[in-house]
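First, one chain by itself in structure tokens, the form predicted on its own.
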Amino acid sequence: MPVISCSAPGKVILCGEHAVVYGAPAIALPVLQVSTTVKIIAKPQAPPRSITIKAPSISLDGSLDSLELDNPLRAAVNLVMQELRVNRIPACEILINTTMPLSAGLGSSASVTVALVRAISTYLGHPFDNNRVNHIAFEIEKLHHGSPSGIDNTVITYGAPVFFQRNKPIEFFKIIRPLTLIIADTGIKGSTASAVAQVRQRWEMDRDGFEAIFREIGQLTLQIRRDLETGHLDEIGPLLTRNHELLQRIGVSNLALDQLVNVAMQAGAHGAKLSGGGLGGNIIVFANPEQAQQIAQKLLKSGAARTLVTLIPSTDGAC
């Protein structure tokens, strides 16, 4: 049997994070410059049911059965088996490699799961379509993040711009003009589960105040979608910066994120904000293409651990 190889991209939340958990919309975009690849190599000479798994990014090298049952990697494999109603997988070696930093807001956990589910289902002779992959990936995101919105697994599974609102059908939308984003990593590992839990605590203490913030985030997200669909990119920058101010108010920013946002704006960016769970991780910066590298360099000099300039291409809105 040839080597099975499946991959999945990263993602960035353009706007709407945290508010999306409370029913507001959010926009997420695929980041194709980073990805996870899962390869499965059949080992017909190995003992039956012998499955080894190697993931250098988390220093994992051992038997799949040695992992706890609720380990996300083992759980993902088990869910694929349950879906296919099989009780064993032929002996193999699973190799997981990713080019994205972990816990940095790029959707590394969902990317690994999506690539792994695709690879395992293909290895078992029944490649899953995107809907089935997305369903399993969402279940595994619950193990990683507690009460996820579902946006990470959705945009990564389909590899397309997503307008997402909880309990509503997924919407893929068109981007008329390409936009250039700079993703700058604080180098601080954020915890989405921790950030979501903290926001929940504060929301319970001030529901009216927080829900007003979430409504405003929802309104600016709707406007950003309209601007992307009509090509009015000049109007997006201030909306992104306002989104950051609202995220500061709910307590998910920190000094490192705020400093990078300020540096980007002083360097000539149109807008900047934290992206993802917060408490670390990344900011995203919207800038002119000709200024992007210069701004990225200034961010590095100001403490960013790494930067990535990415082009979000125009689309036709199709999945």
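The first residue of the sequence shown is number 1, and the count goes up from there. Computed from a prediction, not measured in an experiment: that's the story for all the values here.
Not pictured, yet referred to below: the form predicted together with a small molecule.
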Assert contact_stretch over 94-102, 235-243, 148-156, 208-216 against the small molecule in the predicted complex, heavy atom within 4.5 Å, equals 148-156
Mark V21 yes when one of its heavy atoms lies within 4.5 Å of a heavy atom of the small molecule in the predicted complex, and no otherwise. yes
*According to a 4.5 angstroms non-hydrogen atom cut-off, is G276 in contact with the small molecule in the predicted complex?*
yes
T221 near the small molecule in the predicted complex, any heavy atom under 4.5 Å? no
- Query: Even though the small molecule is not shown here, does A304 get within 4.5 Å of it in the predicted complex, heavy atoms only?
  - Reply: no
Checking L179, V77, V196, A160 against the small molecule in the predicted complex, the residue with a non-hydrogen atom inside 4.5 angstroms turns out to be V196
